[in-house]
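The chain below stands alone and is given in C-alpha cells; this is the form predicted alone.
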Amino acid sequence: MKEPKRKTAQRTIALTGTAGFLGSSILRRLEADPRFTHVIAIDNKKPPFPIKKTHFFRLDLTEVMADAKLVEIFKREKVDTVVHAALPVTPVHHMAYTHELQSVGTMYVLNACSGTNVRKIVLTSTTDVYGARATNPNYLDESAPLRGGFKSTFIADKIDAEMQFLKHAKKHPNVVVTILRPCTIVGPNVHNFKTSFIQRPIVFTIMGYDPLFQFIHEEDVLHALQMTIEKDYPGIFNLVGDGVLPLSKVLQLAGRIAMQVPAPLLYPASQIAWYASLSPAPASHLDFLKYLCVADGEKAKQVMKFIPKYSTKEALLSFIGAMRLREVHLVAAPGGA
C-alpha cells in the first residue's frame, strides 16, 4: 500500500502509553523532530518529561466509554496514525487491571479507530507470545503459532491484543496495520522484570537447562518504531539483535552467580515468591529459563530494511555497563519499561 503524498508534518500522530518506557521514548523523539508538528499523548499519567508541542490527554483506557472519548479526540485532532504502546511489559499483581488494559483497552482503541479516519495503527508486542516450548524450532518466524498464553494470562492478553489488530486489518483493508514483536529489550534506560532477573546477585536457574537468549537494544526498537510511523509496513515483524547467547553466558557477562535448582522445587518456590512480591514474575515465566524461544528477524530486514545497530551481545553489554554504574551510584536508576 502506497502512502498518500503528503508531508510528515501534516500528519497527526497519537500515542498511547506515554507514561511507559516505549511510549515516552518515542514521544521524546517526535517532540525533538521538527517534521512532526501534530503529536497527541494519551495516558492516565503525564509523560515523565516536559512536553512542548505535544497535546496531552489524560485518559485511562480501562474506563467505561473510553472509546467514545478517543473518538472525540481522534476526530477533533484529525489523527492519522495511532501507536498503541500501552501494553505493560512487566507482570503486575493487579491482574484484573492488566487484563482490562491489554484486552479491553485495545478494543477501545480499535473501536475509536473504526469510527474515525485513522489511516494507520501500530502495536508494540513481544516475541514472548510464541512461548518457550520444548518443541520450538531453532528460529520462530512470524507465522509460528502463538503458544505463550497457555500458562501465562499476562501473555495471553498480549496475544488477544494482537488478534484484535489482525481482525481489524481484515475488516478494514484500507488501514495499515503493523505489529512489532521485539525480543527482550535491554539498554541503559530499560527496567523490566527480565532486567530485574539479571540484576540479582544470585540467579536461580533450572538444573539441566541452558537455553539460548536474544536481546535487542532499546535504541534499535525505537528506531524500528519510528520507521513504522514514517512509512507504511503492514504486517507482523520480529525485532531481534543478531546472534544468541546461552543463559549461562548471559549471567557470566553480568557477573552473576547462577544457582541451579531442580524444576520441581524452583517452580513452586518462585510462585510463592511472586505472591510475596519477592519475584518479578509468576512461575510460568520460568519456562523461558528452560526452553528455547528464539525469533527470526529476517522479515524485518528484508521488508522494512531494518538493520539493528547492536548485536544481542552488544545490547546486553550496554545494559550491563549501565547496571554497574548504577550499582556504584554513578547514574540514576531507569524508569519502568
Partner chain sequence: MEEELHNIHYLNPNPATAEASQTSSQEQLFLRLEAHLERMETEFKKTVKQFAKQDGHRSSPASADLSEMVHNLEERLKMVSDEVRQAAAPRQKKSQLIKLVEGGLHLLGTTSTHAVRDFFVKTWFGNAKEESFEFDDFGLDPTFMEKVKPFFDFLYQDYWRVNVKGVHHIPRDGRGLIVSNHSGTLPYDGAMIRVGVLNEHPARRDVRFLVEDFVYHFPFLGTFMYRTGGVRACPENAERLLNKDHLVAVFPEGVKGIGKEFKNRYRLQRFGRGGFIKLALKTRSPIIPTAVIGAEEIHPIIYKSTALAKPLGIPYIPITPTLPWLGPLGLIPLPSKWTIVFAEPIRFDRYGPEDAEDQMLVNKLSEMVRSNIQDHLSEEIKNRRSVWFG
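Positions refer to the first chain, counted from 1. No experiment lies behind these values; they were computed from the predicted model shown.
Form predicted in complex with its partner chain: not shown, discussed below.
Using a 4.5 angstroms heavy atom cutoff to its partner chain in the model of the complex, none of Ala85, Leu110 and His168 count as contacting. For Ser114, no non-hydrogen atom is located within 4.5 Å of its partner chain in the model of the complex, even though that partner is not displayed.
In the model of the complex, its partner chain stays beyond 4.5 Å of every heavy atom belonging to Ala96. Shown alone here, Glu100 lies farther than 4.5 Å from its partner chain in the model of the complex, counting heavy atoms only. Proximity of Ser196 to its partner chain in the model of the complex falls outside the 4.5 Å heavy atom cutoff. Only one listed stretch (169 to 177, 77 to 85, 154 to 162, 130 to 138) carries heavy atoms within 4.5 Å of its partner chain in the model of the complex, and that stretch is 130 to 138. When you look in the model of the complex, the only residue of Ile73, Val104, Leu222, Val244 with a non-hydrogen atom within 4.5 Å of its partner chain is Val244. Interface residue among Asp67, Asp60, Asp296, Asp33 relative to its partner chain in the model of the complex, by the heavy atom within 4.5 Å criterion: Asp296.
Contacts between stretch 237 to 259 and its partner chain, counted in the model of the complex as any heavy atom lying within 4.5 Å, involve Val244, Leu245, Pro246, Lys249, Gln252, Leu253, Gly255, Arg256, Ile257, listed in sequence order.
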